[in-house]
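There is one chain below, alone, in structure tokens, taken in the form predicted on its own.
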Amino acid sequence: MVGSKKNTVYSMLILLPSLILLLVFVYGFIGNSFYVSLTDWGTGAALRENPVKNLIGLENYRQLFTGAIHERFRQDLINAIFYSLFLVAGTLGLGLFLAIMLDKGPKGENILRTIFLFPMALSFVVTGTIWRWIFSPKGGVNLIPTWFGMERGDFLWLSSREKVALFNWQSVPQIIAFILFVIFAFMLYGGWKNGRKTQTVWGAVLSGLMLFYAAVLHYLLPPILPYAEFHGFSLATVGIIIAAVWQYSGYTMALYLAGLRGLPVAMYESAKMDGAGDITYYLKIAIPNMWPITLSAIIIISHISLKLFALIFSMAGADNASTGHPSVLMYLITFRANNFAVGAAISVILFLMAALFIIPYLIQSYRARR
């Protein structure tokens, strides 16, 4: 018992310096950023030695989501969501395809695996510089049609102002309520199917509330903006998405390949004996058994999609609103406009968005260890 207590004390003493540094330089700075976001630092002489900071509560957040001057932030937020969706779908799809091809053990597998993984070793700045040349309006891929005697392409990969899938910002609360309704409906179904009364009751109550808001209450409450404001998927982000997928598909390929090689050989042999072809084996046996790997990849890639600052900056520049991202806008507002409070508010929003992906990942990892 005495030796055990001594080991515990020694362990705490060893960890104490790291914990102090973590509390100060990570959580302390996060807390300070949140405090700054609740002030008006930036409306006056922001750069003087002792600037005046008046607490204004959540006003900066309200302005970001409903203020007329922050329309770009709202479009950048939509861009960030599309970046995440397409980056996750692209890297998972391409990575899984490459992993299945390599799982067959082709000749030169080691060389191919190295080639597919190589882009991940590059920084976003290098990747952005390369792909900026490729997507040059008067060169790069736009010259490919000329190889076949056709006219040069004219698509503006990084500067197009065209948007598709437009929707009114006024409908965002209703859209969120509908998404939550679907989530809580699955919660209700899972509780009912597994005989969990508490989960069933909560699922029924919450899904009912979300449905009532989306179908009735939304139309009774005042709109979040006094005018219609349309946002959508900016076609200028296609080039950024392609570059990001190119860089990180090798990472998901490595995850899936390790998962495929980790499946028991008897599983594949028994599937063959039952008459299942390769397509059936991968779709109905291998891929479902790699769900934990897929979940981990989704969470990690989603988190990476929120940190595309360097890629966007090097490919399209900070002033290109068509390819905007909240991280780029935070840089502009904080270090060009010297509006530190609004910049801090954007950073807190990004932090909360990242937490939505990281916390489920930590919970899943903890359950796996147990």
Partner chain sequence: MKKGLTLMITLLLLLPMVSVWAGGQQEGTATAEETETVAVPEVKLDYGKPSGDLEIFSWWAGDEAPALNALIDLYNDNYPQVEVINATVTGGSGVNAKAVLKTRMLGGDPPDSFQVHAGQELIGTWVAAERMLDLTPLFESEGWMDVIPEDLINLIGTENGIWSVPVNVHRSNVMWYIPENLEEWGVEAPQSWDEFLEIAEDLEAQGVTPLSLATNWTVNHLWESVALGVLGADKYDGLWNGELSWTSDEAVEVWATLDEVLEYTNDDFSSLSWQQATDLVVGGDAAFNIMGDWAAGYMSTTLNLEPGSDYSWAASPGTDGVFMFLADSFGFPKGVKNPAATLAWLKTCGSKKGQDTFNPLKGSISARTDSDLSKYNDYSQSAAEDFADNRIVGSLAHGVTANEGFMNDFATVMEMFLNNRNPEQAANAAQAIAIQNGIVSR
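Everything numeric in this text was worked out from a predicted model, so none of it was measured. Positions refer to the first chain, counted from 1.
In what follows, reference is made to the form predicted in complex with the partner chain, a form of this protein that is not presented.
Task: Contact residue in the predicted complex, chosen from 156, 180, 187, 300 - any heavy atom within 4.5 Å of the partner chain - done: So the residue touching the partner chain in the predicted complex, by this definition, is 156.
Open item on the list: Exactly one residue in 107, 197, 138, 104 has a non-hydrogen atom within 4.5 Å of the partner chain in the predicted complex; which is it?
Closed with: If I apply the 4.5 Å criterion carefully, the residue I get is 138.
- [ ] Examine residue 278 and determine whether its closest non-hydrogen atom to the partner chain in the predicted complex is within 4.5 angstroms.
- [x] Residue 278: no, not in contact with the partner chain in the predicted complex.
Open item on the list: When the contact criterion is heavy atoms within 4.5 Å, does residue 16 count as touching the partner chain in the predicted complex?
Closed with: Taking the distances in the predicted complex, the answer for residue 16 is no, it never comes within 4.5 Å of the partner chain.
Task: the partner chain contact in the predicted complex: residue 66, any heavy atom under 4.5 Å - done: Residue 66 lies outside the contact set for the partner chain.
TODO: Give a yes or no for residue 5: in the predicted complex, does one of its heavy atoms lie within 4.5 Å of a heavy atom belonging to the partner chain?
DONE: Although the partner chain is absent here, residue 5 would stay clear of it in the predicted complex, with no heavy atoms inside 4.5 Å.
Open item on the list: Please identify, from 156-164, 171-179, 79-87, 207-215, the stretch that has a heavy atom within 4.5 Å of the partner chain in the predicted complex.
Closed with: Checking each option against the 4.5 Å cut-off leaves 156-164.
- [ ] At a 4.5 angstroms cut-off on non-hydrogen atoms, which residues of 322-337 are near the partner chain in the predicted complex? List them in order.
- [x] 331, 332, 333, 335, 336, 337 sit within 4.5 Å of the partner.
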